[in-house]
Every structure is written in C-alpha cells, then in structure tokens.
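In structure tokens, one chain follows: the form predicted alone.
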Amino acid sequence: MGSGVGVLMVALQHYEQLVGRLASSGQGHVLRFFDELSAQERSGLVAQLESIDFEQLALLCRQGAGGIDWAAAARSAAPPKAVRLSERVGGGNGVWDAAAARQRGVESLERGQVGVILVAGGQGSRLGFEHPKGLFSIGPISNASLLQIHCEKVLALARRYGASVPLYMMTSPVTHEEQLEYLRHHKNFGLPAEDVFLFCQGTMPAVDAQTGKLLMSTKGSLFLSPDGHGGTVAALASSGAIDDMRRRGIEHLFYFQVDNPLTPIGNAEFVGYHLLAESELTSMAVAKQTPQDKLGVFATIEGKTQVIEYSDLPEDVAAERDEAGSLKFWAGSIAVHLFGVAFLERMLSHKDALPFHIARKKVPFLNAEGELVNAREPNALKFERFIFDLLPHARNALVVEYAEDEVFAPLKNAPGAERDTAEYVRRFMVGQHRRWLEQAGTIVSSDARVEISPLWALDAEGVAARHDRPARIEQAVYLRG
C-alpha cells in the first residue's frame, strides 16, 4: 500500500468519526470541500478538527468578547506588594536586604537551579521584516540579532556562575522551522546543543463573530493563530520541557520575550528576592511616567496580584496619585517574570488557571464558494491566553521595580513611531553600555557610540571586573567577547 493511500484511509476513518461531532456542534460546513482535497490535505484538516474542544469553543462563543468588568475591578484595586527601586538602591525595604537577595540568587544560579524561557513566536511584519522577529539585526554597531544577544547573555550567565543554564525557547508554527535552522547555522551562538530546547506553542481557531462558525483559510485548513503567551504552560508540558527541567533539577524559570534586548536575564538580585519572599511568581516592573503610558499595571484586586491591561484601565483610575504625588498604579508590566517550576506543574491541573481572552479582529476567510474574502471590519473572534493570568494563583506573588533604561526597550514599531522603533532600542542599548563603562572609570566621548557584547561583559558588574577595559573611547567601539 502506498503512503498516500495509507494517509487517505486513516483520514477517512477519522472523518467518519468526526461527522457526527461536527453536525451536533453546528460546524459541518468545514467539510464542504473535503472531496476536493488531496490525501495529505484531508489528513491535515482532520488533525486540526480533532484537536478542537468543541464544547469549550461553544462556551467561549457564548461568552463573546465580554468577560471581567476590569473598570469596576480597577476602582477597587490597590497597588501591588512590591520592592521599589529606591528601596533596592538604598539597600533594602526593611524586609529583604538587597545584598542578601543578590547573594541568595547567586547561590541558586551556582547550583544550576535556574533555567530561562524565551518567548519567540512573533513575526517582524510590523517592522517591515518578513521573518521571525528574533532574527532582526538590532546591535547598534555589531548588527547582532535579537536572538544572538539573548543566547550570548544566557551563555555569559552560565560562564559567570559555573553552571549550565538551559534555554527553553517557544516558537510558533509560522516561525519554528526558520528559527531552528537559524540557530543550527550559528551553532546556537556558543550554547551547548543540550542546553537549547525549542518547542512550538499551540493554536486556536478563529470563529465568525456573529454565528460562531469556524473560519477557513483554505479549503483544507482552518484559520488558526497562536494561542498567546499564556499557552506557554501547556506547551512546556506537551513538549517534554518540564520533564527536562525535572531531570536537570531546574526549580525556577526566568521568562521574557524576544523583542527586548535589555532584559537582564537571570539577574541574581531578582532571583534572590523571589527566593527570600518564598514567591511562586515574581514579576519585574518599571515605574510608569505618565497615566497614558501603554503598559499594563500590576495591582492588588481582592487580595490577589493581577495585571490590568492599559486598555482596560479607566483614565481617571490611571491618573490617581498617592499622598506623595506619585501615580497610585505605578507598576508597569514589562513581561519579565520568574516562575517556580513546581507552581507551573501545579497549574497544569487547574483547567481554568489561564482563561481565554477574546478579541474581535479582522480575519480573512473562505466563503461558501471557496473564495478568499478580506474582511473590511472586525468579523471574527480570536482566542488567546496571557501568562500573567497565573498571578492570582501564585503564593506570595511579588513585584520588583527596576529602572526602565536598564531593563526595557522593546522592539515593536516601524520607523516613524514615537518609541519602540529600532532606532529607539539602539539608543537605549548605547546609553546603557555607555553608563556601564563610565561607572567603571572609562571616559567616553559625548559623540562616541559604544556596544558591549554579553560575552565581553554581561552587565555593569562585569564591566567593572574587567582589567582590560579601555581608559578612553572617542569613536564607535564594539567590545566583543
């Protein structure tokens, strides 16, 4: 029997089983073009349909784009439990000493208890870059890609503490193969192959906002999109990554997103606060400068730490100030977290720990005649999960504030935008590296551009420890490892 015939027979067997389920759920239209499909296409469509929980989908459709009344929740909220930057710089907050936190973090890193998870599923389309965003060249002088910078930081972290630091990298169906090949070509930028674990996040179908009918992108495929960074937890389990962590003795997982080259991966003080607080989920924050800053905010709602997205925060609440005149809801989320691995494992058994968020979006779809229609108005419901929804479930959740210019410059926008463009990010990188050098005693000319490879120095501490740092810099310099 030829392989094509075998695939076809398997597809037909599953097809017969699916017909009843599709009919009872009102989704029979997805098989309208089944007779026109090749054996491979039939098998692919059946596999997509078998992965759908139709009862859950129907429930989500009935819920619509509604959900929690965040405006009401925000009006009853309080600031989060946090360690402020001023307290860290001053030595401590009266509960946890900054030096003690750093030492505790160093001990955990030296024991090889910390792993890193990098969320890298996005495309660079908004930047005019039709490749995975991680491949975008962002180094101000080196032209190093985002992925190169992150991998070199992880390698530098491992070298500093003399322990392996595994990198778990979550891709998406549209970016997985290209990133896998990119890392292979560059030999993981020095990371051992056994310390790099790529896995693909899940997907969710889109449905017509009026009818709840599944939308098709082709005659043999549903319209699918990534299920959001909240899909990380399930993907870690299904890929075998959590088993790998258990085998290695990884107890804590440093989480960040690919678009931010300033992320202080595995920062020892951050790890230490997490441990001293006996926290299951610790989050990094920067202080919002204005009520209009487009950052979700950490807040305490009914005794639990949560994130309120900036679009859900009423203007009057965002503008509230405390007795000292500072913003009441100051703690801007930058999507950097530290998770207890045992906590993530526990959350796998909680079906509703990560609810789906529902949004109306414009989605191209196949009509009854098999023609692709580009929607002019939002026509579909899309479903995704957000990782920060784990916060209310975490024991002793904690927020730690860092200076924005040291930890947060995400690449999100094409040239011409006010911020978060490639030029904006490079300016932050140069500014950070200049400060590190100047703090260590190097004189840097006002018009000199500097870039430091993570393999030359991971941070300000690393620069200060180098005996070969230049005494003076008067032109563009890339200090490489």
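It should be emphasised that the depicted structure is a prediction, and the values quoted were computed from it without experimental measurement. Heads up: residue numbers just count along the shown sequence, starting at 1.
Another form, the form predicted together with ligand UTP, is not on view; read the next lines as being about it.
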ask   = Given that the partner is absent here, does V154 sit within 4.5 Å of ligand UTP in the model of the complex, heavy atoms only?
value = no
task = Answer with yes or no whether D259 is in contact with ligand UTP in the model of the complex, where contact means some heavy atom within 4.5 Å.
result = yes
message = Although the partner isn't part of this model, could you tell me whether R126 comes within 4.5 Å of ligand UTP in the model of the complex, counting any heavy atom of the residue?
response = yes
ask   = Should M170 be classed as touching ligand UTP in the model of the complex when contacts are defined as heavy atoms within 4.5 Å?
value = yes
query = Of these, 319 to 327, 155 to 163, 340 to 348, 228 to 236, which stretch puts a heavy atom within 4.5 angstroms of ligand UTP in the model of the complex?
reply = 228 to 236
message = Just to be sure I understand the contacts: of V119, A206, L109, A74, which is the one whose heavy atoms reach within 4.5 angstroms of ligand UTP in the model of the complex?
response = V119
Contact residue in the model of the complex, chosen from K133, R104, H252, R88 - any heavy atom within 4.5 Å of ligand UTP = K133
request  = Heavy atoms within 4.5 Å of ligand UTP in the model of the complex is the criterion; list the residues of 403 to 423 that meet it.
outcome  = K412
